[in-house]
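Only one chain is included here, represented as structure tokens and corresponding to the form predicted alone.
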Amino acid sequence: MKHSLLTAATVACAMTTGGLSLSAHAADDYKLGLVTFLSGAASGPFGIPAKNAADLVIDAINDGTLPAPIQGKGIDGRMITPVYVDEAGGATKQTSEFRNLVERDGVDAVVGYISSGDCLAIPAVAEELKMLTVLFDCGTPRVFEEADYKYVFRTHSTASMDNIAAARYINDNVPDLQSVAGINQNYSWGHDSWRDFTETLKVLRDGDIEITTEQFPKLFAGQYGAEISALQVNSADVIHTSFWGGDTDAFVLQAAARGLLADNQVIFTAGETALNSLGEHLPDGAIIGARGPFGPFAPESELNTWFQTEFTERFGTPPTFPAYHMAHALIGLKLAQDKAGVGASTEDVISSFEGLEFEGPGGKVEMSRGKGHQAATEMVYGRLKRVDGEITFTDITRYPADCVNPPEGTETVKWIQAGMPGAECD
């Protein structure tokens, strides 16, 4: 059975024109708000793959065809009906759209948000409206480090993991490392990523690391000529970037054309999304991350084989990490509801979600931080290497969750600067 599709605009139109009304829609549907970029620079590499994953996984949940151990049809015994919202427009617009999902559209839960700015704005509104909300992709660690939430969960690790692991990787794999440079977006995601990366390097190298230049262009600026020139003039052993979405694509094209990628060792903490469309522009030796064990780094399992095969056949391209993130959010939500039982209250579902451990297409997810509301996973990096024209990876290193995620109850920066006590990396 394929799911029916509602958008917020469709529902609003139906309510005001006498067409399809909310009461006409099946009362026992599980209405799920889904927020992702459907337009703008983040839509192609992030938002649309995430929506595609939602379509695929929701169909499988409704049909009861997800591989074991996931069982049963629907969520709470009900078929899922998605209500999609475009994340474009900024945090103020998204808080208004969130209210519409809850108060106008009557959703049972919300899964969404790619932008860290949106993820910092939404939780307070979710708490006010007592709406179960799963953040599926944004990475800023500030969400659960700066506040506690009852109704909000995040089913993937923070950006701290990406950048702590990035520092460990280059410290171990770049001979004679002496200097680094960075180009990161000028908002919380970019600043947090660069801070965690450089602070970790300082600890690992006892302060013996030179920062040659720090570039912070505007989010989705699109043109990086001045920044590329600065990186070439202020050369470093490694260039770090946490660019994502259209910024990654634009930077890869422009940097490759000017020889920056061929002449420098670059680590892309979120670069895996560019492999399918722009892999030809990435040189051998480029260090690639996928924000966890996703895409080419996903572990072998029946669930991952199903996800990769079905996604590729349906959409014509392999799933990238935003698709995995969405799949994990939906699977986590279903398993929490299943654990609570059919007809369980929101409070019971929350109790079941807290501290949940489950297997997704990307492997093990532990809701072990943020008082059981924040996930921790392993992190993986590897060097790109072409074999017979195909992209493969060498020097793959997997970092356990407890090696690169701060322990429960600690702030990322304080933990790093204290020397990362308790990190378990073996």
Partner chain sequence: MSKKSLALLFFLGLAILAVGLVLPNWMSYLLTIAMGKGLVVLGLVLLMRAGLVSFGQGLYYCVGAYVAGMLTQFAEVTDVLLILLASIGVSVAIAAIIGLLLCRYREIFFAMFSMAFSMILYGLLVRNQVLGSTDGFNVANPSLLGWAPGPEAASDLVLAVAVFLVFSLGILAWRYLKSLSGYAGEAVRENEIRLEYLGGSVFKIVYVKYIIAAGLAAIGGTVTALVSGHVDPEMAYWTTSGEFVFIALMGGTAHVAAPIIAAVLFEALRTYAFAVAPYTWQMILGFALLAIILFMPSGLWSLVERFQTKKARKTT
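Residue numbers count along the first chain shown, from 1. Under this definition, the rigid core comprises the largest set of C-alpha atoms superposing within 1.5 Å between the forms. Remember, it's a predicted structure, so these values are computed and weren't measured experimentally.
Another form, the form predicted in complex with its partner chain, is not on view; read the next lines as being about it.
### Query
Pick from Ile209, Ala91, Ile228, Leu356: which has a non-hydrogen atom within 4.5 Å of its partner chain in the model of the complex?
Contact check passes for Ala91.
### Task
Sort through Glu347, Glu103, Glu280, Glu302 and report the residue having a heavy atom within 4.5 Å of its partner chain in the model of the complex.
That would be Glu103.
### Query
Is there a heavy atom of Gly74 lying 4.5 Å or less from a heavy atom of its partner chain in the model of the complex?
Heavy-atom contact with its partner chain at 4.5 Å: absent for Gly74.
### Query
Could you tell me if Val85 has a non-hydrogen atom within 4.5 Å of its partner chain in the model of the complex?
Judged by the heavy-atom cut-off of 4.5 Å, Val85 is in contact with its partner chain in the model of the complex.
### Task
Determine whether any heavy atom of Arg78 comes within 4.5 Å of a heavy atom of its partner chain in the model of the complex, and answer yes or no.
No, Arg78 stays farther than 4.5 Å from its partner chain in the model of the complex.
### Query
in the model of the complex, does His191 have a heavy atom within 4.5 Å of its partner chain?
Although its partner chain is absent here, His191 would touch it in the model of the complex, with heavy atoms inside 4.5 Å.
### Task
Sort through 252-260, 319-327, 123-131, 289-297 and report the only stretch with a non-hydrogen atom within 4.5 Å of its partner chain in the model of the complex.
Stretch 123-131 is the one.
### Query
Within 97-119, which residues have a heavy atom closer than or equal to 4.5 Å from its partner chain in the model of the complex?
Read in sequence order, the residues that approach its partner chain (within 4.5 Å, in the model of the complex) are Glu97, Arg99, Asn100, Glu103, Arg104, Ser116, Gly117.
### Message
Relative to the superposed rigid core, does Pro217 relocate between this form and the one not shown - that is, does its Cα move 2 Å or more?
### Response
Pro217: C-alpha displaced by 2 Å or more between this form and the one not shown.
### Query
Has the Cα of Tyr84 moved 2 Å or more between this form and the one not shown, judged after a core fit?
No, the C-alpha position differs by under 2 Å between this form and the one not shown.
### Message
Checking Gln185 here: with the core superposed, does its CA move 2 Å or more between this form and the one not shown?
### Response
Yes, its C-alpha moves 2 Å or more.
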